[in-house]
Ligand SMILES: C[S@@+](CC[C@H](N)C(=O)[O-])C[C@H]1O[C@@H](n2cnc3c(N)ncnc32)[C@H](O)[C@@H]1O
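Listed next as structure tokens is one chain, alone, in the form predicted alone.
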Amino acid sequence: MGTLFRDISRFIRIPVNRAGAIKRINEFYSKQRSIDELVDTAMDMGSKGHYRINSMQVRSEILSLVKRVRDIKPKTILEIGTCNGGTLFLWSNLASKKVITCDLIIHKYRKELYNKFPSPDSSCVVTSLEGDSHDPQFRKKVEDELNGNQVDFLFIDGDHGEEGVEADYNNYKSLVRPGGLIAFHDIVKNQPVAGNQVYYFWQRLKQVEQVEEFIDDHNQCGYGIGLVKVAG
């Protein structure tokens, strides 16, 4: 009985939560916003339930990254790991042409919401792809979406295992244009979950690439962003 009541309650709340999320998006675009306001909204849009949009980031770190990405005036952005859509909202406000976001599962109702992320006066289109980023067939899906073009910025925040994040880097780095950017999340050593091992790959990568780090506190638990500038 408890499960049935919960399912009915959830079904009733869905249209209310959807309307609330769309209202907040429209309110955001009702006037010109600063880069700080963009980041604050992406951190927690205030929407609820299945339409909850937020970002598990340290504000100073993601703000620094957003400024770097904004400076290269990106046309196309690729994101591995959608999570709750907060960073997707950021990229949708920075890319002028297309954002491709990838995750194992992206429910239909969230895809519909993500399509509303770009500003009404923007030409940016959001494409949500479901699947395993390590699967060669999934990479083919990404290539098909790019239609021969490269991306300006790649954000890797999916599989946090050392081998997994390395696979995402090796599988998708060739899709980034010369002079573009690649960023990784959760690069600090101290992590709340043992399976978060991005730090170990990052330590190897920073020995051979031109990198920058955005870390609010080197003693913090979790978070930290690493940025690679692609040669050329």
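All residue numbers are counted from 1 along the displayed sequence. If you're wondering where the values come from, they're calculated on a predicted model, not measured in any experiment.
Another form, the form predicted in complex with the named molecule, is not on view; read the next lines as being about it.
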| item | value |
| --- | --- |
| Single option in 55, 64, 191, 41 placed near the named molecule in the predicted complex, where near means a heavy atom within 4.5 Å | 55 |
| Non-hydrogen atom contact residue 83 with the named molecule in the predicted complex at 4.5 angstroms | yes |
| Partner contact for residue 132 in the predicted complex: the named molecule, 4.5 angstroms, heavy atom | yes |
| Exercise: residue 99 in contact with the named molecule in the predicted complex, heavy atom 4.5 Å | no |
| Residue contact check: residue 87 to the named molecule in the predicted complex, 4.5 Å heavy atom | yes |
| Stretch from 175 to 183, 198 to 206, 56 to 64, 32 to 40 whose residues place a heavy atom within 4.5 Å of the named molecule in the predicted complex | 56 to 64 |
| Heavy atom within 4.5 Å of the named molecule in the predicted complex - qualifying residues of 93 to 120 | 102, 103, 104 |
